[in-house]
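In structure tokens, the next block holds one chain alone, the form predicted alone.
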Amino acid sequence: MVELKAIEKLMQKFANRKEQLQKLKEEGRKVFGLFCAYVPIELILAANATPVGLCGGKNDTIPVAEEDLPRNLCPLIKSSYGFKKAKTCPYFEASDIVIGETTCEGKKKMFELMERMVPMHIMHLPHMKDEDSLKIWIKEVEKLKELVEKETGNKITEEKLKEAVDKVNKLRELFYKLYELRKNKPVPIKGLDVLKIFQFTYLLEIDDTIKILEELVKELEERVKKGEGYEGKRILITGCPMVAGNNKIVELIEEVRGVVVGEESCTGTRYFENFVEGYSIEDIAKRYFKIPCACRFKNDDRIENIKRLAKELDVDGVVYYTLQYCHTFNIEGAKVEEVLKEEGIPVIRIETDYSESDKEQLKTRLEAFIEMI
């Protein structure tokens, strides 16, 4: 098959992103660093500012983080903190302010240390899903709007907000099209390529990402027409996010004759599912409040989503992926495993970190799982 030109352009944009951010800052643009899919980027875009995801997917920065943080802590948290402490992440260094959120206890307490190194604003995410919690979240989004206006000096007008909402909804629409194309057999794109798209979407300018996705969708539609694609046992990954640099599990699955056709994670469907339906702050808040992260209490929506995705994508099995010491996703994995088994959907639970030490062991387990199904 001919290589996807859109993926080549994606890699080029990623390679040039550091210089692009420097140029934007020289022009007076404010940069907001983000950890999480819960931060409403529409507000940042509406103030003519740049949202950018932060580094946190490498093992290299963990030793410096462990000078301050306990070893038995999620590697994503340690890696992120280490990147900032070592000043080796261009996105951290470009950020005028970093937006955090109370998704888990580890991140929340890490932020108390990180705010000594960079200005921070923490959004309080209620873990319940009732109406009272929604009201709290709407107020948090309103506070974010005020902060963004103050930091940028730009008023978020109704016109600018509408433009930003439409733009981010356009991005979501393109991801929905990508999701639909992956239902085809053979699947027209490798899971590793899709993972990189999600990872780099957090890092790149939204206009660049939209152009790349538009081109990618056309290329994949051509592959589907020609019957081109990748064969193998169809796998859905669910669990912790895989931020840039953390590709180990997808690489291993596709090495042992699996093909990843879907990701129920924040580097997957949780990033793009649900449009903002309206142009008010409340409309924006409601969309983000629906994200079914495992940090939420009685998270049945997520379990139903996994069942739905497994059936819509016609998967042969599910890989439930957890980072070591991520207790929220690990504990919720027990409920997910139970439900999938009741549905007759094969599932394997994988717990790992960012090191290479368990790679051969994981490869053996995944190979056995794929042969079994």
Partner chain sequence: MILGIDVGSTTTKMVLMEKDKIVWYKIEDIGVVIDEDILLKMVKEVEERYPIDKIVATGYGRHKVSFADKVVPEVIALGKGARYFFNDVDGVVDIGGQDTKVLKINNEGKVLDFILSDKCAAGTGKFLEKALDILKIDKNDINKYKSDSVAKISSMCAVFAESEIISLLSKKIPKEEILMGVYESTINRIIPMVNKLKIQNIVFSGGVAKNKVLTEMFEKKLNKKLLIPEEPQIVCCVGAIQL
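Computed from a prediction, not measured in an experiment: that's the story for all the values here. Positions refer to the first chain, counted from 1.
Omitted here: the form predicted together with the partner chain. The next part is about that form.
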Output flag, 16, 19 and 96 jointly within 4.5 Å of the partner chain in the predicted complex, heavy atom basis: no
4.5 Å heavy atom contact, residue 12 to the partner chain in the predicted complex: no
The partner chain contact at residue 341 in the predicted complex, heavy atom, 4.5 Å: yes
4.5 Å heavy atom contact, residue 348 to the partner chain in the predicted complex: yes
4.5 Å heavy atom contact, residue 25 to the partner chain in the predicted complex: no
Options 333-341, 30-38, 43-51, 302-310; stretch whose heavy atom lies within 4.5 Å of the partner chain in the predicted complex: 333-341
Sequence-ordered residues of 270-302 touching the partner chain in the predicted complex, heavy atom within 4.5 Å: none
